[in-house]
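Just one chain follows, in the form predicted alone, and it is written as structure tokens.
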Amino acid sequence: MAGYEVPRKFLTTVVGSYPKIPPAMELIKKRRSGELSEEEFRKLIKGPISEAVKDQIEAGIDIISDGEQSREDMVVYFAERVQGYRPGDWVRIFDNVYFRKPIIIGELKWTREMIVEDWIYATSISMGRPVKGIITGPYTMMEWSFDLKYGDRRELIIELAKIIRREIDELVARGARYIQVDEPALSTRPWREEAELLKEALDVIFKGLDAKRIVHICYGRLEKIIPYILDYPVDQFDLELKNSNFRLLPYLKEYGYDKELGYGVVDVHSLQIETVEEIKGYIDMLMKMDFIGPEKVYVDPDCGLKRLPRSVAKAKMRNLAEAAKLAREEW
């Protein structure tokens, strides 16, 4: 990327979402109620996007995101823009967190760009840093929707994969070189047949793609399906590790993990800010296991930062970046 030299090892990145910058949520509500047109919303949301990008740059992150400031929710956002969905009722996810589970009532179709404009804007102000194109994956869209149309999981996930591929093609055509598909739902159903179903969908999404192919998976019992996902057509798995006390690392070593690793080293569910020394220790621990080289390690948070206070999120990123810098000098 012109103007910014990406390090050759221990690159720092984010999973995607960032705390909502005022007035992002108010703008989202006004767009939904019809008080703002889509064109007006896109113009006004640039303010929060620019703040999220600035925080990442100031923290020292190498590969950034737009902060997902336009997105109320990782599923609802896309369901609102894919033909064949209608809004659903509120459903509890965990604790006091709810979302409006969308309903599939007709044939699903891509009708317009969904994340391209935000990616273009973030790229224009990134000071040369690459910006990930991040989209919710077909398995998670399927699992977190009510299906009243298809009645066949394979047919549905393949249709969703085709829509996602169309959006990704639009991103890549405009220069995106890092494409991330988010699949948090996979680890909630850690069975071989589910892993194989997603593999078939990822073949549709990533076949022949001229960009870095990344899948993000977090929480759950991922160790149960590691043998069935290692041959996915991806360049990198981005994994939550800190929250689960790095439980997955011995399994990755045992099964001969040979892809890039998005290495989650800060807990996005904790207000405690991990110190530089702590994070550097987590990097050292990975290196001493001797199954992956530093050029394949991307240091990042466990998951999106959106549920944290902005000051905490930025402090976690800053310490993460500083620890990666120290690790580059040693490894």
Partner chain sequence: MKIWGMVLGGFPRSRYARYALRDRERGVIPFKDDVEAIDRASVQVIGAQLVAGLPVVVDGMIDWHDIFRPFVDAWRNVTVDGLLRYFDNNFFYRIPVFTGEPDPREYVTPRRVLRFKETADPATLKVVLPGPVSFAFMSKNNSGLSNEELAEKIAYILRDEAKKAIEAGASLVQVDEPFLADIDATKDHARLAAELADKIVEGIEDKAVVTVYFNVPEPSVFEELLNTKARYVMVDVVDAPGRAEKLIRGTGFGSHTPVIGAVDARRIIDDKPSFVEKFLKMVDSGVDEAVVTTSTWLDLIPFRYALRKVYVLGRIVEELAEKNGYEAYTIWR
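Here the structure is a predicted model, which is why all the values come from computation and not from measurement. Positions refer to the first chain, counted from 1.
There is also a form predicted in complex with the partner chain; it is not shown, and the following applies to it.
- Contact with the partner chain in the model of the complex, judged as any non-hydrogen atom within 4.5 angstroms, is confined among 123 to 131, 235 to 243, 147 to 155, 175 to 183 to 147 to 155.
- Of the residues Leu108, Ile103, Val204, Ile226, just one reaches the partner chain in the model of the complex with a heavy atom at 4.5 Å or closer; this is Ile103.
- In summary, among the residues Lys259, Arg81, Arg189, Arg165, the only one with a non-hydrogen atom within 4.5 Å of the partner chain in the model of the complex is Arg189.
- Contact check at 4.5 Å (heavy atoms) against the partner chain in the model of the complex: none of Tyr4, Lys306 and Ser311 pass.
- Of the heavy atoms in Arg86, some are within 4.5 Å of the partner chain in the model of the complex.
- The shortest heavy atom separation between Tyr98 and the partner chain in the model of the complex is within 4.5 Å.
- A residue is said to contact a partner when one of its heavy atoms sits within 4.5 Å of a partner heavy atom; Lys253 fails this definition for the partner chain in the model of the complex, lying far away.
- By the criterion of a heavy atom within 4.5 Å, Asp169 is excluded from the residues contacting the partner chain in the model of the complex.
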